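The chain below stands alone and is given in structure tokens; this is the form predicted alone.
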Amino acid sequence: MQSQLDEIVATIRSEPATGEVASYIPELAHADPNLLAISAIDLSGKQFSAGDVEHSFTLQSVSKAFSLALALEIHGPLVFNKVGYEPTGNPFFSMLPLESEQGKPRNPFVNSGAIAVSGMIPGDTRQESYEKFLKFLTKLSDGQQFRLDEPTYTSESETGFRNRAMANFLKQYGWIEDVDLAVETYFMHCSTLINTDQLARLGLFLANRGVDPITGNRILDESSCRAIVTLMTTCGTYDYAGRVAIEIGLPCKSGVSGGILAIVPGKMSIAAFSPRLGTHGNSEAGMRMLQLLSEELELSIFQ
């Protein structure tokens, strides 16, 4: 595995770079576009990584998988009374489905759905709600500590007008109670710092039917775990999910900072990172690394 990851990183570095760093969140525009990292951890706890693994980036929309897991831990299947589980065929920031479907988000991985999910996490203040999210990440990683990147949070909060508009739609139709609490907590989730080793470790329970295979702790029931992994397959890479299913064949959740979490059910969790994004908001090099690894190890769940 180590030699394969090293070879994949070397291959990607030798290829012409494609894509652009996200700039609609001003702080993300400062990212080094040439950063590249990939990590994998199997169910026995063996971890392998290559590239700029020490570099931390913000979770962005990859956080949606973990906020959904936390909401399911607290509320169980009642979560899906307030957010659906169907693909949209629209960009993650689209408001069109909200206007035609009584404001109910189509799934938890579009921005409106993630804001609705953030509104389900208890807390009288954004900080209280966010602390529950951080404690959940610590639980998933068997004690690792995580923190907010303040410049990214400030950048998101100061420019997140469209997300606030979505939150007001949700409030109008009764899907959330407090607009500011839900949307600011969502911004904080997205602004949490991570590296690929940590991200792969966080996702390991999703590869093991909701149980952390290293600690033996059950994080989620099997039904909730299956829901998250299925949604990652159908909705985790926005309106690019069909191509990901064909070319990579793994449940994935991507974010506009360039991170991607991929799950190989029953085997391992993989995290890739590179800031250059394609037109659908997914890391170009990250997707390419996952494609190469999936092909070499025949990991596709559709094989």
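Since the structure is predicted, the reported quantities are computational estimates derived from the model, not experimental observations. Residue numbers run from 1 along the displayed sequence.
Another form exists, predicted together with a small molecule; not displayed. Remarks below refer to it.
Asker: Taking a heavy atom within 4.5 Å as contact, would all three of F146, Q198 and F273 count as contacting the small molecule in the model of the complex?
Answerer: No, the whole trio is out of contact, none within 4.5 Å by any heavy atom.
Asker: Which of S49, Q60, S67, S269 has a heavy atom within 4.5 Å of the small molecule in the model of the complex?
Answerer: Flagged contact: Q60.
Asker: Just one of N111, S129, T192, T233 has a heavy atom within 4.5 angstroms of the small molecule in the model of the complex, so which one?
Answerer: Exactly one residue meets the criterion: N111.
Asker: With a cut-off of 4.5 Å between heavy atoms, is I25 one of the residues that contacts the small molecule in the model of the complex?
Answerer: I25: yes, in contact with the small molecule in the model of the complex.
Asker: Is there a heavy atom of V256 no more than 4.5 Å from a heavy atom of the small molecule in the model of the complex?
Answerer: Yes, V256 sits close enough to the small molecule in the model of the complex that at least one of its heavy atoms falls within 4.5 Å.
Asker: Even though the small molecule is not shown here, does N163 get within 4.5 Å of it in the model of the complex, heavy atoms only?
Answerer: Flag for N163 set to yes.
Asker: If you check in the model of the complex, is E156 within 4.5 Å of the small molecule, heavy atoms only?
Answerer: Flag for E156 set to yes.
Asker: Within 4.5 Å, heavy atoms only, one stretch in 223-231, 183-191, 72-80, 135-143 touches the small molecule in the model of the complex. Which?
Answerer: Heavy-atom contact with the partner occurs in 183-191.
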